[in-house]
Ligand code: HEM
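First, one chain by itself in structure tokens, the form predicted alone.
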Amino acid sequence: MARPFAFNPIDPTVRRDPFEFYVRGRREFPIHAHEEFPLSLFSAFRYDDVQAILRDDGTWSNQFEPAFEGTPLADAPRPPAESMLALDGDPHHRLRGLVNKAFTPRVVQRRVAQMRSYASALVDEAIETGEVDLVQALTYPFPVQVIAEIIGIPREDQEQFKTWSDRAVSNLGTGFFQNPSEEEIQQGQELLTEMRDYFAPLARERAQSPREDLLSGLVQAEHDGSKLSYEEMISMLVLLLVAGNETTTTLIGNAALELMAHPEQMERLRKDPSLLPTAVDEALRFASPIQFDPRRATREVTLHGCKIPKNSIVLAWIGSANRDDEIFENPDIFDISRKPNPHISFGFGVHYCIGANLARLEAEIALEALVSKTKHIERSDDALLPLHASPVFRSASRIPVRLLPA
């Protein structure tokens, strides 16, 4: 008799080590119907299926409202303007075109020297301390400093910036597994109000006196005769705030953990810094920061003999797809020189992460500083690391380490 497939994405034990479940999912349950959650919910595990789902925004939508009918989320107030992530088709194309006008390579490249200075200073301070929480010392402050600088947030406001981001992602994805409380819905509304109240005067100031920052670019951006409305700009800033630091914090932390777990790879990187780009891509594949990307079926679909009703949610498991042995040779080996490496950690198709190049650059800069300035990095205890609050992410919220200077 076949063992039951007890894959519960919010079980902490599963979240810590999901890979045996991913293997069984790919081999035996490529499409798995969940029965323990309030929504009609399915999981997809194979690379080809995940990629196909992310590619086809006609069949698999990022607009989730119809799936929540009959739940508290159906009656929750909607934001005045939807995020670009929650739109498909022409509305998404329009907003993406506008942000591309503002989020240019020049906006990023003119800050590379400053990024290196930030990372160097943070690592120097951590080494001087000796034993630190790597999250607090590097992986969280560095991306916050970078995205805040790129957007145009004053230095004195950056701590508030991170607090907002933490609050925004604390319940991210949980609505697929459990109904939120009225208090949680209210807290989400209060957060959006706080952020809109903060950004409003900054946007007005940039309209009068533009600077060389992303906020000014968003105020001025025009694409095919269209400009961002005020509420669209606020939604875009909220998205960039969260996406611009949370995933990068997770990427840098996961990369550091894997390098510590594979000291021979750490030494390879110390001896050959030219491996940084492939090392970052391997960290993205091997320890995918975002484990799943959800989509709503716009029509009834049958995959691998499993009928998925219209308005069901399918979780496309990026973390599983990136370990698929049909695509990757020796997928469970961490190899910082892996080529080719067609991971899909930044998504695929029209919703491919708009900040992918920035995230890669930040990770390379942070790891270069960490590896070049130390001769040894190790965990300072062997306690279980606390998990990220959101099931979307697979990362640790605290990483105690001991650093020995080079």
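This one's a predicted model, so the numbers in the text were calculated from it and none came from an experiment. Note that residue numbering follows the sequence shown and begins at 1.
A second form of this protein, the form predicted together with the ligand, is not displayed here; the remarks below concern that form.
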- Item | Interface membership of Ala33, the ligand in the model of the complex, 4.5 Å heavy atom rule | no
- Met115: touches the ligand in the model of the complex, heavy atom cutoff 4.5 angstroms: no
- Is there a non-hydrogen atom of Asp293 within 4.5 angstroms of a non-hydrogen atom of the ligand in the model of the complex? yes
- Task: Report whether the minimum heavy atom distance between Phe142 and the ligand in the model of the complex is within 4.5 Å.
- Result: no
- Item | Contact residue in the model of the complex, from Ala148, Leu303, Leu240, Leu269 (heavy atom within 4.5 Å of the ligand) | Leu240
- Contact residue in the model of the complex, from Met233, Val314, Met84, Ala126 (heavy atom within 4.5 Å of the ligand): Met84
- Message: For the interface check, one of 35-43, 66-74, 371-379, 340-348 should have non-hydrogen atoms within 4.5 Å of the ligand in the model of the complex; which one?
- Response: 340-348
- So which bits of 233-258 sit within 4.5 Å of the ligand in the model of the complex, heavy atoms only? Leu239, Leu240, Ala243, Gly244, Thr247, Thr248, Leu251
